[in-house]
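Before any questions on how it binds or moves, here is one chain, the form predicted alone, in C-alpha cells.
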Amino acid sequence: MSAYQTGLIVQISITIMTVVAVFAMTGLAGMFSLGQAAYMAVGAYVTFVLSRFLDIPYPITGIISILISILLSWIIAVPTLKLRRDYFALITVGFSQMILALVLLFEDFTRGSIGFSKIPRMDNLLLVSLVGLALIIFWIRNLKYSRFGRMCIALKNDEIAARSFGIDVYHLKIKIYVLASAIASFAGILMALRNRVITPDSFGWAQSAEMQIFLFFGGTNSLTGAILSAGGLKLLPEFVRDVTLFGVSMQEYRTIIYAILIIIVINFRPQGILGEKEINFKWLKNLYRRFKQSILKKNESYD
C-alpha cells in the first residue's frame, strides 16, 4: 500500500471519528455545536508542544491533552448547558475562536500562523487509527442502545418530558458533551501525526461545520448513516482531483459541493439519506437460518 493510500485511509478514519462523536452529541442528545474542532486543536497542540519543550514521550502527552480537553469541555459545559440550545451553539463558536486566538498569542511555543512542524513519524499510525475507529464506533453503538442512550434520545425529543420522567437533563448534557470532546481531542492527535504539521487554519469553525454537514447528510438519527456519509463525502474530493473548473481543481470547491448536496438532501429527504435506519447483521443470521433449513429439508427428502 502506498503512502498516499495509507494517508487517505487515516484521514477518512479521523473524519469518521469526529462525525461519530458529533452523532453522539447531536444525533442522540440534540445538542448542536460548532466548536468541536477546537478540541482537536487542543489535542494536537498540547500533545506535541509538551512533548518538544518538556521532552516527554508523546503517548504520555497525548493522554494529558485528552484529559485537558475533558477538563475544558466540563468548564464550558457547566455554565452554558443551562442556556437554550441556540445560545449554547453560539458559545461553542466563541470558544473555538478563543482557542485559535490562544494559539496565535503563544506563538513562541505554537509558532502561531506559521504552523507547528517536525512532528515525529509514527510507523503504525494506520493500525492505531483503524483500531481506535473500531473501538469508538463500538462504544457509541452500544451507547445508543443502552439506558444512557435512551435517556439521550428522550432528551432530544422532548426536554420537558424527559425531566418529568426523572431524567437529570443537565448532567446528561454535560456527560455527552465531554464524551464528544474527548473523542475530538484524540482525532486531533491522529491528525497531527498524519500531517506532521499543525496550523490554526486546520481547526477553524469550517472544520466543525463540515462535521455537522456530514452528519445531516447521512441522517442525524443513524450511526450507520453518519459513518457512510463521513467516509463517502471525505473521499469524494479525491475522485474529482483531476477535474478542473475555470482552471481550478474541483477539489477546491468541495465546500460548495457539500453545501449543494445538503440543500438537495434537506429539500427531498430532510431526515438524511438513511434517516433512522441502521445496518446490522440480522440479515446474515436470517440468511444462515434459511440456508440451514433448506439443507435439512433436502436431507429429509433424501431419507
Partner chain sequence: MTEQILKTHNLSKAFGGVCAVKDFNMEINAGRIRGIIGPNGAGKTTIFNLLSRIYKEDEGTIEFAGQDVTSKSQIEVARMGLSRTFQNTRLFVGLNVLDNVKVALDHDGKYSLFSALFKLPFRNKQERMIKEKAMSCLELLNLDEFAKLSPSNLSYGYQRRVEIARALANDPKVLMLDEPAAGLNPEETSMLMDFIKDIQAKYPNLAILVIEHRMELIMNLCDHIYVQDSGLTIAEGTPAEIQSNPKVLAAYLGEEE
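Numbering follows the first chain given and starts at 1. Just so you know, these numbers come straight off a predicted model, no measurement behind them.
The next section is about a form of this same protein that is not shown, the form predicted together with the partner chain.
Peer 1: Only one of Asn142, Asn124, Ser113, Ser117 gets a heavy atom within 4.5 Å of the partner chain in the model of the complex. Which one?
Peer 2: After the contact test, the surviving option is Asn142.
Peer 1: Can you pick the stretch from 195-203, 166-174, 124-132, 229-237 whose heavy atoms fall within 4.5 Å of the partner chain in the model of the complex?
Peer 2: Heavy atoms within 4.5 Å of the partner chain in the model of the complex occur in 166-174.
Peer 1: Should Asp158 be counted as a contact of the partner chain in the model of the complex, where contact means heavy atoms within 4.5 Å?
Peer 2: Looking in the model of the complex, residue contacts with the partner chain include Asp158, since a heavy atom lies within 4.5 Å.
Peer 1: Taking heavy atoms only, is Ile153 within 4.5 angstroms of the partner chain in the model of the complex?
Peer 2: Ile153 belongs to the contact set for the partner chain.
Peer 1: With the partner left out of view, is Leu179 within 4.5 angstroms of the partner chain in the model of the complex by any non-hydrogen atom?
Peer 2: Although the partner chain is absent here, Leu179 would touch it in the model of the complex, with heavy atoms inside 4.5 Å.
Peer 1: Does the partner chain come within 4.5 Å of any heavy atom of Trp74 in the model of the complex?
Peer 2: Judged by the heavy-atom cut-off of 4.5 Å, Trp74 is well away from the partner chain in the model of the complex.
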